[in-house]
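The chain below stands alone and is given as structure tokens, in the form predicted alone.
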Amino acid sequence: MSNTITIKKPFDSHVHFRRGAILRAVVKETTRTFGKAIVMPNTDPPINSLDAAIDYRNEILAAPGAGDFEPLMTYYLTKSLTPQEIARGAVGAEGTRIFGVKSYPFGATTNSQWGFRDMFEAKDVLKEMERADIPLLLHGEVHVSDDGEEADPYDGEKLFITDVLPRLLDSFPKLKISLEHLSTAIAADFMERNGEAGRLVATITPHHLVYDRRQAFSGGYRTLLHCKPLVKRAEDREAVRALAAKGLPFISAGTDSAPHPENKKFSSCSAFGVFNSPTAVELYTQAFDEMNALDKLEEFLSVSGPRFFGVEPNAETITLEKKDWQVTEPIETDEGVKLWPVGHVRHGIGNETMRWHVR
């Protein structure tokens, strides 16, 4: 087998850049290996108008290393998002249009305080999204039960798949839906049976392909793997890997790279989010190599995502080489704040080695 692989430059269907100094530090980590990306809207304040999306896109394009990278903007499904703003975002302005609307369950993850407890309350917005052909991007977890009790966080995705998602599909039959950061065996089975390119798709992160909760708890809780949805059992990881290895046209890469400053990651209440953009493509390639599925890597990384969002895959290519290396340094902002990537030799799971490297 060759020790190199060349593929179309990947497409990230799910990335967080934050704002300000963190954004200026991390954009170049994504543009190193991705040509386009769907940018998540859960900033503070949230992106829920076209004017806000234009401002955010301009900030990304002004960041060091942005080059010819293309950020594709989204709205946050908040109570102040209106059908009129959906229609406006579908048309776009100043070179910016809206490629999706992200739903966050209230209180479930970073900056989810603006999300709905019951997204069916947003039925008028969802109907306009159907009409305008704008996809709904789902953080697919139930955080609070019907009786107001906190749900088991390891069961959140299962509860969503068995209850909420089927009702969404029935209620809005023409709405395009992406189940983001799929992490469980039950979700993998549901997608294999019901997934459909252009209708119901799912994204998978590198950390849910590579790690399971044995690593997350190895030698103490590994905060660089603290995220929502949580890293699950080994059998869940194997089911997710098996789904990815099939090369299905409705399964694609979404890194969910989510940087936080070290004071928020290394704290008694660690912030949710895995910062993986410095290692994401390498970890994906490592996982597909381990699964003997490198022939499916380009479809997963570079083709299925842009197809769903109606954009062309990148014409540019990247080459990866099978070569051991380690993550030894943090990414540092221009304000001196350290951001620690997953896989770091000291703060990760311990002396971790990456097996593939982008030339």
Ligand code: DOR
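All residue numbers are counted from 1 along the displayed sequence. This is a predicted model, so every value here is computed, not measured.
FYI, the form predicted in complex with the ligand isn't displayed, but the following is about it.
Trainee: If contact means a heavy atom within 4.5 Å, which one of 250-258, 122-130, 81-89, 235-243 is the stretch that engages the ligand in the predicted bound form?
Mentor: Contact-bearing stretch, as computed: 250-258.
Trainee: Answer yes if any heavy atom of Gly115 is within 4.5 Å of a heavy atom of the ligand in the predicted bound form; otherwise answer no.
Mentor: Gly115: no, not in contact with the ligand in the predicted bound form.
Trainee: Taking any heavy atom pair closer than or equal to 4.5 Å as contact, tell me whether Lys158 reaches the ligand in the predicted bound form.
Mentor: It does not: once the ligand is placed as it appears in the predicted bound form, Lys158 has no heavy atom within 4.5 Å of it.
Trainee: May I ask you to check whether Tyr211 falls inside a 4.5 Å heavy atom distance of the ligand in the predicted bound form?
Mentor: Output for Tyr211 is no: heavy atoms all beyond 4.5 Å of the ligand.
Trainee: Applying a 4.5 Å heavy atom distance criterion, does His344 contact the ligand in the predicted bound form?
Mentor: His344 lies outside the contact set for the ligand.
Trainee: For the spot marked by Lys176, Leu200 and Gly305, is every residue within 4.5 Å of the ligand in the predicted bound form through some heavy atom?
Mentor: Answer is no for this spot.
Trainee: Name the single residue among Asn194, Gln215, Thr162, Thr109 that comes within 4.5 Å of the ligand in the predicted bound form, judging by heavy atoms.
Mentor: Residue within 4.5 Å of the partner: Thr109.
Trainee: Tell me, which of Thr31, Asn48, Asn42, Asn314 has a heavy atom within 4.5 angstroms of the ligand in the predicted bound form?
Mentor: Partner contact (heavy atom, 4.5 Å) among the options: Asn42.
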